[in-house]
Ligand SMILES: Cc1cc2nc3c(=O)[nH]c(=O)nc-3n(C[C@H](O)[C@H](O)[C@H](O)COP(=O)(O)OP(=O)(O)OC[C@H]3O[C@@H](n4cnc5c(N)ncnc54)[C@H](O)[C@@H]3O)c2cc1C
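Presented as structure tokens, the chain that follows is alone, the form predicted alone.
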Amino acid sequence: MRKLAVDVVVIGGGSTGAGVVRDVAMRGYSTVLLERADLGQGTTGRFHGLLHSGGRYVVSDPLSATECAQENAILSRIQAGAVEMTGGYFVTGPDDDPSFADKFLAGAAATGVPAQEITVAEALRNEPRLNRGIKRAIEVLDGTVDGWQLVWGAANSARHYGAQILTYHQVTKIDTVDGHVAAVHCKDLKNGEDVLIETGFVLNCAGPWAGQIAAMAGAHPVDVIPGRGIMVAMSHRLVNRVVNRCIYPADGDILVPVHTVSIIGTTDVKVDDPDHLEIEQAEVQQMFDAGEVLVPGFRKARALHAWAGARPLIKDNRVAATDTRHMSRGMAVIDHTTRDGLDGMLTIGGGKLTTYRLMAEHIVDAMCDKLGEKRVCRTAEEDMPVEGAGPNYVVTHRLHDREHDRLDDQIICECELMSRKMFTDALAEQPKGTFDDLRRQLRLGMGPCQGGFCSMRATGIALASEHIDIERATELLRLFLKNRWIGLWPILHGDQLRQTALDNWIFSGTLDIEHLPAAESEVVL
């Protein structure tokens, strides 16, 4: 058994956990982050990519609107490389109530969300695929954000301050002594090793799984209600700004241009288990219908992939337990001392990726108060290494890079312009990572072919460079294709159906992938 001792254990490797461990480390505490999978593999990596301007909440949730507006300005500065400042429109559709735009503008003024009404002609001139029947248009400061880059940026910043980031470490038990947290047990899922971490404080940032973590420490049930949302990525940018319907928040009322694709989202359905999120066909069709309202002809565009994520909503007694759409998106810190008689543990829930830095500040402030220490938060002032202190990214950034190295470096993913060096560098930094781990950092297999060509090249390069042996290469490729299929089957139609048939022919005809020899011993992925 491996043993560690730190001041603070942070549980959960989504955006909140990464922000918290960065904040804790910057305030001078020794700390370790535990995540049972890869960073950003849960809710953080399963959203629509919107960096909120605050506009979405100016009528329904004014406090969240103000927080989003303020954090939008901070994140676009300290993590500039992870953010594209696309701008956004709220538009009144042909069948929407035009008077809601007046409520919107009044709400924006009251909450400090920058917004101005523009003419319909100007909106259509800038976004020519928008529904020609829109009645009003309001311009806001929406942006888009790469959630995985954002999380890794915060984690790398935390490492710079001495934090340890332990991915694929699953918490199995939390020890308490005389009503105080004393230690966290976890298992390294890559090698099966047990790890014991002695600590005086646990910050529970496990999102939809926060209730399970709190229960390990003997706390009373935490009312975190997972709200499932379905999103669909289309093969190219149908719009270049975020486009929202100017209505009270509803399903499928956002279209977000992220990297080279457009994402329509989202539904909101209460679920019981965040580990089992179905992609319901009816909800996928609902997204296509919603897309037609914003961009006529939406259904004729090529759908690439569908996925589901779970929001960690704190139970809101103002609405029914099944109405996750209208529960507050605000954040909440649970003090287990007053609630459960358990010292040394706080839980945070709610919030949004846009406010992840502020969520971290709130829970670490609460921890310092309980410890009777005054340590000032500096996360809003200091740029992240790599992503910060530079320009915001633009959709053409990889094209720019390939223009410089195209004669010296092979492109192995034409859809996402990923070079061989990008892949081998990431593999060297994360030698135990799966191809899905690398996908999240490099966008491997996220374009129209969905890995049909680049996954084979990546497997061959990893094997030839001796990063993996033949058994692991086979199992990694199988796992990658299996995971891609989860989000492919719900949207198979037209060109994407033909692409999938071609991919299947390639994998069956050239590799006979379904009949390759199975590993003689278990391959730990």
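From a predicted model like this one, the values you see are computed outputs, not experimental measurements. Position 1 is the first residue in the sequence shown; the rest follow in order.
A second form of this protein, the form predicted in complex with the ligand, is not displayed here; the remarks below concern that form.
Proximity of residue 229 to the ligand in the predicted complex falls within the 4.5 Å heavy atom cutoff.
Among residues of the shown chain, residue 43 is one whose heavy atoms approach the ligand to within 4.5 Å in the predicted complex.
The closest heavy atom approach of residue 209 to the ligand in the predicted complex falls within 4.5 Å. Taking the partner from elsewhere, residue 157 is found to have every heavy atom lying beyond 4.5 Å of the ligand in the predicted complex. Residues within 4.5 angstroms of the ligand in the predicted complex, judged by any non-hydrogen atom, belong to 352-360 and to none of the other stretches in 82-90, 330-338, 232-240, 352-360. If you check the ligand in the predicted complex, you find no heavy atom from any of 25, 32 and 385 within 4.5 Å. Contact with the ligand in the predicted complex, defined as a heavy atom within 4.5 Å, holds for exactly one of 48, 472, 478, 484, namely 48. Counting a residue when any of its non-hydrogen atoms is within 4.5 Å of the ligand in the predicted complex, the hits in 1-21 run 11, 12, 13, 14, 15, 16, 17.
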